[in-house]
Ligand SMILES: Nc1ncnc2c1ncn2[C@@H]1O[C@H](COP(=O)(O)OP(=O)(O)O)[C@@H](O)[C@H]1O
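Here's a solo chain for you in C-alpha cells, the form predicted alone.
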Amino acid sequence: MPDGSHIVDLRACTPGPVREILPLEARGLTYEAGGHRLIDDLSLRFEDSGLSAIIGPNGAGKSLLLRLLHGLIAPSGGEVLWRGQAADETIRLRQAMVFQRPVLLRRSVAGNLRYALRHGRNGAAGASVGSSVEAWLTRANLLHLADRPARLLSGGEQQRLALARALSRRPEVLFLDEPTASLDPTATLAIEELIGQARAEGTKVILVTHDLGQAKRLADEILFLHRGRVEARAPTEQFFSDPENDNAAAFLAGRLVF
C-alpha cells in the first residue's frame, strides 16, 4: 500500500494554476438524444477551487454532464461559459479530463508524459521536459516503469499515468469521471492521493463518482443529479447528515430512485 514516501514537492517546477478561466457556468443546459432529454434545463456555477463531487443514480446524466462542461460534446440547448465566455483554445488548454478507462498513447510511460508536456499550453522543451517527466513519474510512483509500454500497465497504473499526464499540464479545472471504478483499495488510495494533492495545490476538481465513501473522503461539496437536473447541492457534511431532497435521502439510504 502506498505510504506517501514517493510523494515529491513539485511546486518549484510546477506552480499552481493561475485563476484565468473560472467561474465555470452552465446556463439552461439541455441535451437530447433518441427523443429523450437527458440533461434538462440545468444551471449551475463553479466559482472557486476545492473538490465538487457529482453523485446520483445510474442514468442520471452524471458522465454526460461532465462531457458537456468539458466541451467534448455540444449541448442541444443552453450554454457553457468560462468566465463569461464560450470556450476557446486558451480555455481548452487550461482544463483537463480523466476518464474511467484511461486513454493512453501507444508510447512508453515516459513518452505519454513527454508528449503532454511538449504540447501543453506552456510547451516545455529540452532538459526541462526530462526533469518534469521524472518528477511527475516519481509523484505517481511510476518512475520504475518509465520505459514500459503504457498499455501494458495494470489498470491502477494506467489510471495513475493518465492522472499524472493531465496534471502535468497544470489545468485550472480537472474533470474526473469515475477514476477509481473497478480498482482495488490500494490502487484507489494511490489515485485519491494524487487527486488530493491537486486539490491542495489549487486545481478545481469536479469528480463524478458512484462511491459514496470516496465522495465523503474527498469532496468539499456534493451535487446530487437526478434525471438530468441538480436536485440538491450542499457542503459534504451537511449533505450526508441532512439531505435537503427526498430523492437524495432515498439514494443515500440505498433505495432505488427512479
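These numbers come from a predicted model, not from an experiment. Note that residue numbering begins at 1 and tracks the sequence as displayed.
Missing here is the form predicted in complex with the ligand; even so, the following discussion is about that form.
Colleague: From the list Q197, S63, S43, T30, which entry has a heavy atom within 4.5 Å of the ligand in the predicted complex?
Modeller: Exactly one listed residue reaches within 4.5 Å, namely S63.
Colleague: In the predicted complex, which of the stretches 45-53, 32-40, 229-237, 189-197 has residues with heavy atoms within 4.5 Å of the ligand?
Modeller: Partner-contacting stretch among the options: 32-40.
Colleague: Though only this chain appears here, would G202 touch the ligand in the predicted complex if you measure heavy atom gaps against 4.5 Å?
Modeller: Because no heavy atom of G202 falls inside 4.5 Å of the ligand in the predicted complex, the answer is no.
Colleague: Note that the ligand is not shown here; using its position in the predicted complex, name the residues of 39-61 with a heavy atom within 4.5 Å of it, in sequence order.
Modeller: Going through 39-61 in order - heavy atoms within 4.5 Å of the ligand in the predicted complex - the hits are P57, N58, G59, A60, G61.
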